[in-house]
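One chain follows as structure tokens, the form predicted on its own.
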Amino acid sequence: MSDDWLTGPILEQLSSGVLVVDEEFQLVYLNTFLQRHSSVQLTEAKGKSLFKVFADLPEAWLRRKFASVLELQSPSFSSWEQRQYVIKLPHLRPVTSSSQYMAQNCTMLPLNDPSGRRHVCMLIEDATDAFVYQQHLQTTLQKLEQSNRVDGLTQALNRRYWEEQLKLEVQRAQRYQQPLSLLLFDLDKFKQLNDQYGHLGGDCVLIELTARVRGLLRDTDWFGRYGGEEFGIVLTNTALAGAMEVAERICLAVSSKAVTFNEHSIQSSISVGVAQLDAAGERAHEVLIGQADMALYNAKREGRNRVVSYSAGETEFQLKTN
């Protein structure tokens, strides 16, 4: 007794695609799943070249796959992670995805008909759910990685990650004997600003400040929030003279334009300390931070809204005598 009564209904009701081609890659069979999703009817497509019926197929790749299955008489497999889809089929999932097409796992099997003629049967499994889940997972991981690096308010680098990059850049500068400079700056009289306009006003100024500063930096510079209203910038391959120029431009960009908050015009300024790397050893980055911090302190002492560079003699003297 023939098993057609069993295999036929099973193939037609599968929620996966079944496609069969002969040795010339002419279409022999499409089950209902593929006909429904592709709008290709077997009665019209049977006997035609698979690559004419489905013009968007990756023909060269699929020919190699089918030829291997026929020659070796062994299965071949392609996952959605290797190639998102083989046949462009719209997915019907009510999910958010970057692609409108069904993600597919495809298994290609050798198949002989009763007369011994060789065919290839391709099984197409809908893997859209796994594809979308992986997309959401990657997006979540990217956001988590971003939050581990970036300050939530200002979008500058957070202190931990910024210090890690400073340490790496110091090591690189020492290894290749390249100049490196550090800027430390903070907003002048920030407490008074907060008292007058509230913390939301202070936050608005910090956000605007970082946006202005970021626009003046190179992609190779590292800009981070060191703490509160204090920020740091690592200027790679930059000697002290160049760092001073950058610092002056930043200082002017902040003071030359007020920040608007709740119809209030808030005038702000920064004080900047600048230091060039001259120390050696594993703690060189800590020494550099200390030197830039000394220069920042002296910028405050000299009246704020200015740039001061570190000087091994004069700066230390000012710190000791004031």
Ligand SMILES: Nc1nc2c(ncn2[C@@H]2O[C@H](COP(=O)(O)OP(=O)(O)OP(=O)(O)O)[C@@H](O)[C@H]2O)c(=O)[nH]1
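In this text the structure is predicted, and so the values were computed from the model without any measurement. Residue positions are given as counts along the sequence shown, with the first one as 1.
One more form of this protein, predicted together with this ligand, exists but is not displayed; see below.
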(message) Can you pick out, from Arg160, Arg117, His199, Lys143, the residue that has a heavy atom within 4.5 Å of this ligand in the predicted bound form?
(response) His199
(message) Please tell me which of Asn237, Gln73, Ser79, Asn194 lies within 4.5 Å of this ligand in the predicted bound form, judged by heavy atoms.
(response) Asn194
(request) Could you tell me which stretch in 161-169, 179-187, 208-216, 128-136 has residues with non-hydrogen atoms within 4.5 Å of this ligand in the predicted bound form? (result) 179-187
(message) Residue-level question: is Gly228 within 4.5 Å of this ligand in the predicted bound form, judged on heavy atoms?
(response) yes
(request) Look up in the predicted bound form whether Asp203 has a non-hydrogen atom within 4.5 angstroms of this ligand, and give yes or no. (result) yes
(request) Answer yes or no: in the predicted bound form, does this ligand come within 4.5 Å of a heavy atom in every one of Arg149, Arg249 and Ala253? (result) no
